[in-house]
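Taking the form predicted on its own, here's one chain by itself in structure tokens.
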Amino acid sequence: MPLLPSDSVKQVAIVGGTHGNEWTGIYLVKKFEQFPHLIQRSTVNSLPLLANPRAILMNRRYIDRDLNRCFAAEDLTNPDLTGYENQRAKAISTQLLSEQSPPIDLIIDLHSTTANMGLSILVSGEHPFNLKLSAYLSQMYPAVRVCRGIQWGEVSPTLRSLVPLGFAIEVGAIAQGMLDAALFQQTEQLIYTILDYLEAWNQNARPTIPEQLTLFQAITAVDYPRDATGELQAMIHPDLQFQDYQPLRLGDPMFLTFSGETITYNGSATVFPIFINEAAYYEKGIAMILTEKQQIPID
């Protein structure tokens, strides 16, 4: 699969505030707007972008609808979708893919999470360039983990899906509407390393890539136990809280009911939960996402 007609990555969008209460990305973008030289390279032009200004102003995840679910092609072309986030999605799509200016080659969408995800990369699309870059970053920073979503190979409604190259960076655990200096600096350094990689790529000084990538492939989402009305009947078991990326085996505790009963994992295969007890996922009916740990070759 070819990279691009020019085999280079010249235009990069660095997006923060897709969710208006995730401050790490928001304040990184504000910093880059104030000090644009930090994200420019001789062959790479970077565009900092605040995706959801009204939600940012109100310190809310979104106004009408999760913006990161508004980028399906049919939604972008649907004139009947007039909510704030749908209008923002259309405006962002037009801005990043405009024929009046160089279109964006790669998107870095910055997120934070209340789950203990550390530094995580959520790759987008099927392009091998995404996996090469992810493998390089995990080699440079052993704490970086790489995830591939349940929608792998399917049409995705996320912002990063607007172009074939790109991914989200998830950092946590951090509460909504606050900053953590260590996570801020780690995310910032990761962005600079990405831009340096692209600069080297464009100059045909291709960095050494490991032959294999450890990948956490999402297989299913698990909801909290609920009654017929949707009311919660249990919470994440304390033994599982903050144990993202750790193995979950048959019989291990998953949930604790309000009456004190432990609900255990009854699957036959060992899995690796991520986004455990993410605050924003309660409304989505997701207590955690189960992944399988894979070793995939990097060509």
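Note that residue numbering begins at 1 and tracks the sequence as displayed. Everything quoted here is computed from the prediction, not taken from an experiment.
Quick note: we don't show the form predicted together with a further copy of the same chain, though the next part is all about it.
Only one of 204-212, 175-183, 95-103, 74-82 lies within 4.5 Å of a further copy of the same chain in the model of the complex by heavy atoms, and it is 175-183.
Only one of the listed residues (251, 53, 238, 36) places a non-hydrogen atom within 4.5 angstroms of a further copy of the same chain in the model of the complex, and that residue is 238. Contact check for residue 23: a non-hydrogen atom falls within 4.5 Å of a further copy of the same chain in the model of the complex.
Under a 4.5 angstroms non-hydrogen atom cutoff, a further copy of the same chain in the model of the complex has residue 31 among its neighbouring residues. Proximity of residue 277 to a further copy of the same chain in the model of the complex falls within the 4.5 Å heavy atom cutoff. At the 4.5 Å threshold, heavy atoms of residue 256 reach a further copy of the same chain in the model of the complex. Taking a further copy of the same chain as it sits in the model of the complex, the stretch 50-72 comes within 4.5 angstroms of it through a non-hydrogen atom at just one residue, 60.
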